[in-house]
Structure formats: structure tokens, C-alpha cells
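Next up: a single chain in C-alpha cells, the form predicted alone.
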């Protein structure tokens, strides 16, 4: 009896040892890629995991999600300290230029990555946004933000203003705003700064960025900045802006109550209006090209790999980035579920672009945005772009609120940016 018990115990112990060994071997065989992202990119990544598992069942994907600002602060800190670096990081375009010059991200045009052989698959301007002055490509575009003019069709109808009046020219846009304000009491736009943000993105020449050219020469006294400031001042002088900034409570309330007639932004804003900003306004909005066909980009998301990330995971990290950005199914799913306008050109013939959008009154607005995406010019990025935006916004506020002379304001901005660009 005792021998039988010992035999049973030995067999059980052996089976347990074998099971533990198999579990340990399985754990050793498995890998985990960490992807750091922000809303709604985190949801897009999670949705792509089943597609990834088809070819990599042994590689898990862990998504670390933070709010937009917290995420980019965390990535900045991680790159500067080389601690807590994810295998893959999502970056909004506003941060790509800053990181492109910092040297902390892998050049994805070099082996073993080789993005150069895929660049023709992406919207051209998006690739340029991730290309440094030295020609290194430090990130891969996954979605883009073609600029659009969203407007309230009901307010235009009440004021007798046509879409053509809104879009014919910037002067016509301002004049239409005066008619809308007089007839309905609604403001033309949320803030005069919105006008500046669009106009400085028009007329950009090859080799130029928003604020600097490829040689770090400051561009803020150029005609496009002068015109942008002049138009913004007109808006304020005619009392056509609500003086509310984007993403404030007052901003969203203006959309809900119909006190803001138009908004210039990326195409993605239509989805935000529909889903959470102003869903009760369904059917009242329409989309058009920006005035004067000022094709411009608003936002966009990229994936990058830090030089200090775990070396053993980098080949798989690159494969995952390729899945997220070159796989038609993944790109279209992100577009359909999160309004992430695809960077992959091969999606642009999909029937989804020809479907009507109920929130926009049955308009086939994706065709409008597709045309814009194809016409946007590439803009050179610079590590000081974020700082330059702060400087320009400060000077514009002085023009709008204190009556500062425009050319003096831009000259002051130029002087400060010249000092910063030399660092």
C-alpha cells in the first residue's frame, strides 16, 4: 500500500514537473511587445491584435495608454533618460519634429527596417513630416488629418449664405461671416487664432516648414504670416469670433447651441462632433474644402522605435508597425471605427469613401477629404516647431487684444526664434 502510494506520488510529481517545465518553456518562447499610445490610437492598436496573432501567435501585445499630454511627456522623459522605453511609441505629428532632431529615435530608412521601399504607399506629405533635415525617417505615418471646413448648413440657410461664399476666398469667408452674424447672431468661428492656424499652412514652398526652412532660417515675417495676422485681426475687429479656444467647455457648448457657424480643422473633427462633442446636431453640418482650396494638414499619428528600446524586440516591433500602417484591413478598420483617416494610399479606392455620412446630412464627405489629402504639400519639420507656435500665438494675442502692430509683432517673434534656432 505504501509502495503504491509512493508510486502514485512519484508519478504525480513527475507530471507536475513536466507541466511546470512546459509552462516555463512556453513563457521563454513567448515575447511581449509594449506599445505606448494615447486615445483613440490605443483602441486601434488593441483592435489590430487579432490580425497580428494570425501570423505571430507567440508574441503578445501590451498597450500602455495615457492621456494625450501625459503620453507625450512620458515619451519625452523616456527618450531623455532611456528608462521605461516601450518597444513602439505612437506620436502625434506636433511632436514628431521635436523628436526628429533629437537623435533618440531609430532611423527607419536604414537596415534592418527599410521603410524607404514602402514610402510610395503612404500619403507623400505625411512621410515628409517624419523626415529630418538630414534625410532620416524617424517615424511611420498611420493616419493623417486633411484639413476641412465644417459648417452649419442651417445657419447658412437662415442667413442666405452659400457654401461658395464661404470658400471662394478668405475675404469672401469673412464677408459671409458678417452676414451670418447679422442674421443669426452666430459667430463665424470659435477663435481668430483658427484663421491664423490655417493661413500660415498655405503657400508653403518646397523645403519650407511652418516656421523654419530646411536651414533653420526663420520664416515668420513672410507674406503668409502677415496675411494670416491681418485676417485674424479682421475677424476680431468685426466681432466674428466667439473668443473660445479649442477643447474648452465653451467651445463644445458653442457647437451644441449653434452659436459657432464654422470650424476649420482636420477631417477627424467630424467624428468627434458626431460621437461626443455635439451629437444632437446630427444632420446640420456639412464639409467643404478650405477657402481658396487652401489644402492643409491638421494632425496625424505616427509610430516610432526608440534607439534605447530592447534590441531583441526591434525586428518584431518593425513588423508590428508595418502591420499597423501597410495592412489595408487594419487601416480601414481604424478609419471605420475611430475616424482615423488612413495614411495608406491603397485604401483610397475603397467603397467606404463613397458612403454617405448621416451626421453630415448624407454628404459623401470622405471624397472631399480624400481630395485634400492628395493635394497637401509636404512640410519640413523642425525641433522648435512647438516653441515657435507658442511664440506666434503670444504675438497674435498682443495684436488682437492690445492692438500691437502686426509687423512689429512678427519681427519680435522672429528675433526670439532666431535665438532659439541656434541652440
Partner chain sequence: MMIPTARRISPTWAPYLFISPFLILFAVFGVFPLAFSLYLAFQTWEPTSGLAAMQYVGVDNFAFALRDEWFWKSLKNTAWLAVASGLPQHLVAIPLAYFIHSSFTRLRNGVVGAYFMPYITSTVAIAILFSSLFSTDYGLINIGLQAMCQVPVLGWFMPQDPTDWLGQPENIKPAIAIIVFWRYVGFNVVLYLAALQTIPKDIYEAATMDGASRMQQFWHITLPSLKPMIFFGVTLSVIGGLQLFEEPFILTGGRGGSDQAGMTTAIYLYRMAFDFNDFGAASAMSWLLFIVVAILTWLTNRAFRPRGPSA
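All figures in this text were calculated on a predicted structure; none of them were measured in a lab. Residue numbers count along the first chain shown, from 1.
In what follows, reference is made to the form predicted together with its partner chain, a form of this protein that is not presented.
- For the residues 179, 257, 121, 336, the 4.5 Å heavy atom test against its partner chain in the predicted complex is passed only by 257.
- The single contact residue among 104, 271, 209, 299, judged by any heavy atom lying within 4.5 Å of its partner chain in the predicted complex, is 104.
- Stretch 388 to 396 is the contacting one of 356 to 364, 388 to 396, 59 to 67, 373 to 381, since its residues have non-hydrogen atoms within 4.5 Å of its partner chain in the predicted complex.
- For the chain shown alone, residue 407 is not a contact residue for its partner chain in the predicted complex, no non-hydrogen atom being within 4.5 angstroms.
- Under a 4.5 angstroms non-hydrogen atom cutoff, its partner chain in the predicted complex lacks residue 92 among its neighbouring residues.
- In the predicted complex, its partner chain sits within 4.5 Å of a heavy atom belonging to residue 98.
- Under a 4.5 angstroms non-hydrogen atom cutoff, its partner chain in the predicted complex has residue 250 among its neighbouring residues.
- Contacts to its partner chain in the predicted complex (heavy atom within 4.5 Å) from stretch 215 to 230: none.
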